[in-house]
Ligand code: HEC
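Only one chain is given next, in structure tokens, and it is the form predicted on its own.
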Amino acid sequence: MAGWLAVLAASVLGATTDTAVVALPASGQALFERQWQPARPDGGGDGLGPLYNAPSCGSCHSDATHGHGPLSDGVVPAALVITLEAASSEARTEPAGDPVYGHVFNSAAVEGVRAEGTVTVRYHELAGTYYPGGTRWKIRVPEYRFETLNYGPLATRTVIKPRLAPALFGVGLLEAVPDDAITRGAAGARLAWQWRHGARYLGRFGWQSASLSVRDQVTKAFANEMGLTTPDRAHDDCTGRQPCAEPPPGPPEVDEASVAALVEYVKSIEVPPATHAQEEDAEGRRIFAAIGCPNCHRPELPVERTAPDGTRVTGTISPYTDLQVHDLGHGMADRDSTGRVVPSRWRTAPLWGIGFRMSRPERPVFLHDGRARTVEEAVLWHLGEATSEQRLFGELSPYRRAILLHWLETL
């Protein structure tokens, strides 16, 4: 059994594996790990850049986990991508970027080209107390600064959107969730419709569901974060107001076969098995349900796909998401370059794979920009539509809160 069917069998039928990745297809895995090179005068190289963030997919998605986010003040790492969006983007088109810096602020460049600049983050701590029990808590609030802007200022209304490279666990399965399973019973504002070429599609990937499919996400990353063209995106993120070389005439820098192989590989990345014991699972689930978390973090979603032989394959997965977008309050909202708060809606992040992330030697961080150092801090940031659930979490006894957090950390 190969490809999507292997992933479906492993995830739906309960098979487990010691790694997070199915070892196929080899060519796709090699492309994921490949260090792409700038073009050379002799015609060699790959065409990386001229502006980029990292030279490989694996640089930001090590072990298919979230990117390694900031643990303290300083220059933001490559895995925390500073995306930019024009505030006045038309509703029926893909959002525009900053007129000078494009869709992504690129901190690296090929020889002879200046990178776009440097971004730093500084954290301020807020503290409080739970009821009952009086347990103290802390969260950290990020402040981003453009220390260097090599091509002039950002537009005043450009929205600054720091985004940690997301985990890739089970994305092939999430793509196989039928649209009607996401839209059924959902308020219109909770659906992330995206317009492409005059048609409306349901977004489901990325922190705000701005991407339609795994392929859409992959080709965006090639263009905006690595400066590589594909059959889907004939231009990289270099704007006309930067001294960037035009892409050479002829075929795209990453051909169709390579894009297809890489997409198939990314879709084959499995969900690591949860590590909790059966009794922990039952009690953790009860508390999770009692405070209302499944309102957004749905424990189960259906999947269906047509196999190569025409057979309809169906099943159920446990990603703990509704694949909808929600307002989580003022504190989580993005801001524009003047500091003005911009209303923001967030895709419910899948919770599967947290246990695997917690087992890695690098300390994981959580939420869209890695501001949360623990699962507990991530819960505390949930306000807006999740205010009631956050309040009930704070009212749990220390014992029940510890059970819930331990269960979440083993998913």
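All residue numbers refer to positions in the sequence shown, first residue = 1. In this text, all values refer to a predicted model and were calculated from it rather than measured experimentally.
Form predicted in complex with the named molecule: not shown, discussed below.
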| query | finding |
| --- | --- |
| 4.5 Å heavy atom contact, residue 367 to the named molecule in the predicted complex | yes |
| Residue 39: touches the named molecule in the predicted complex, heavy atom cutoff 4.5 angstroms | no |
| Partner contact for residue 119 in the predicted complex: the named molecule, 4.5 angstroms, heavy atom | no |
| Touches the named molecule in the predicted complex: residue 63 (any heavy atom, 4.5 Å) | no |
| Segment assignment from 179-187, 310-318, 233-241, 204-212: heavy atom within 4.5 Å of the named molecule in the predicted complex | 204-212 |
| Contact assignment for the named molecule in the predicted complex, among 173, 301, 165, 159, heavy atom within 4.5 Å | 165 |
| Residue among 292, 273, 284, 252 with a heavy atom within 4.5 Å of the named molecule in the predicted complex | 292 |
| Residues in 217-231 close to the named molecule in the predicted complex, defined by a heavy atom within 4.5 Å, in order | 217, 218, 221, 222, 225, 226 |
